[in-house]
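First, one chain by itself: the form predicted on its own, in structure tokens.
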């Protein structure tokens, strides 16, 4: 098992926590709109890559930044962070909201991404297959919708959530609300996705209750070089329910 080293970098006044493990080409993970699922699933990638997992401002161990109210603020934040880490080019993996962020980053800075993988990318406008409005649901219902088989997620949750756990979830929901309140979907991203010429893999759980797997068709129409992998009998956190997905992503990135 790889041991992740933790470091804190001050990025424009915001303490940003980054966990790193492994050796090889750099691989950055953008997590989703919550951090209860953790990032230990990335450990197999550390055998081939230097895995870098930053927490977005307002999430996990990173400090809050109330000025962040649209996703492009995160793009600029990560440009600054990557400069501080002296990362020029790297592989990029994005989960859910992090998948959308990865695509948005790639549209503007495609030359920095060697290969891109997205797991159930969120926030694509698809009127026929809309995303679940997670801000309108109680937190326990959102957590329950993350997986088809709740037993996979249950060990990652406290049996009796304390005030700190509840406060952390409220904080992350507040950070998400600032991003989504006025811009629940990105109306303009699809028109620019043709610029993301990086080889791309999108993995989706066929029974995703948060972002329907049917949205994969919209991404396939918009991206120039994309492979879609829809995995049966899995939900939104397909990489946890079907661990072989992690291996397939690693193989794609290293091929």
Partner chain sequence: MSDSMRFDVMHFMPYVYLPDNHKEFASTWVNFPNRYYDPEKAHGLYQQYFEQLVLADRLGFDAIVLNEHHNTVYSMMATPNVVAAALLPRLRRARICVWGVPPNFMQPNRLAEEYAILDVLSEGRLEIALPLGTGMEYWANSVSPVTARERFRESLKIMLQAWSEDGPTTHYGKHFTYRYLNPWPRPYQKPHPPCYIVGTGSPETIELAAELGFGYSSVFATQARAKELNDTLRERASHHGFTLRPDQLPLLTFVYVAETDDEAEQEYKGHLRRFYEDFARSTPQWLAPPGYISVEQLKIRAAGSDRLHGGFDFDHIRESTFVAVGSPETVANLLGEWAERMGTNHLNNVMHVADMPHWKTTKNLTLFAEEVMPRLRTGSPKPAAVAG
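This structure is a prediction, so every number in the text was calculated from the model and none was measured. Residue numbers count along the first chain shown, from 1.
Keep in mind that the form predicted in complex with the partner chain is not shown, yet the notes after this line are about it.
**Q** If the cut-off is 4.5 angstroms on heavy atoms, which of these, 125, 87, 79, 137, is the one near the partner chain in the model of the complex?
**A** Looking at the other structure, the residue within range turns out to be 137.
**Q** Name the single residue among 229, 69, 65, 186 that comes within 4.5 Å of the partner chain in the model of the complex, judging by heavy atoms.
**A** Among 229, 69, 65, 186, a heavy atom within 4.5 Å of the partner chain in the model of the complex occurs only for 69.
**Q** Within 4.5 Å of the partner chain in the model of the complex - does that hold for a heavy atom of every one of 5, 17 and 23?
**A** Contact check failed for every one of 5, 17 and 23.
**Q** Flag residue 174 as yes or no: does it have a non-hydrogen atom within 4.5 angstroms of any non-hydrogen atom of the partner chain in the model of the complex?
**A** Answer yes; at least one heavy atom of residue 174 falls within 4.5 Å of the partner chain in the model of the complex.
**Q** Is the gap between residue 159 and the partner chain in the model of the complex 4.5 Å or less for some heavy atom pair?
**A** No, no contact at 4.5 Å.
**Q** In the model of the complex, does residue 181 have a heavy atom within 4.5 Å of the partner chain?
**A** Looking in the model of the complex, residue contacts with the partner chain include residue 181, since a heavy atom lies within 4.5 Å.
**Q** How about residue 167: is it within 4.5 Å of the partner chain in the model of the complex, going by heavy atoms?
**A** Contact with the partner chain, yes.
**Q** Looking at 95 to 103, 115 to 123, 129 to 137, 147 to 155, which stretch has residues with any non-hydrogen atom within 4.5 Å of the partner chain in the model of the complex?
**A** Selected stretch: 129 to 137.
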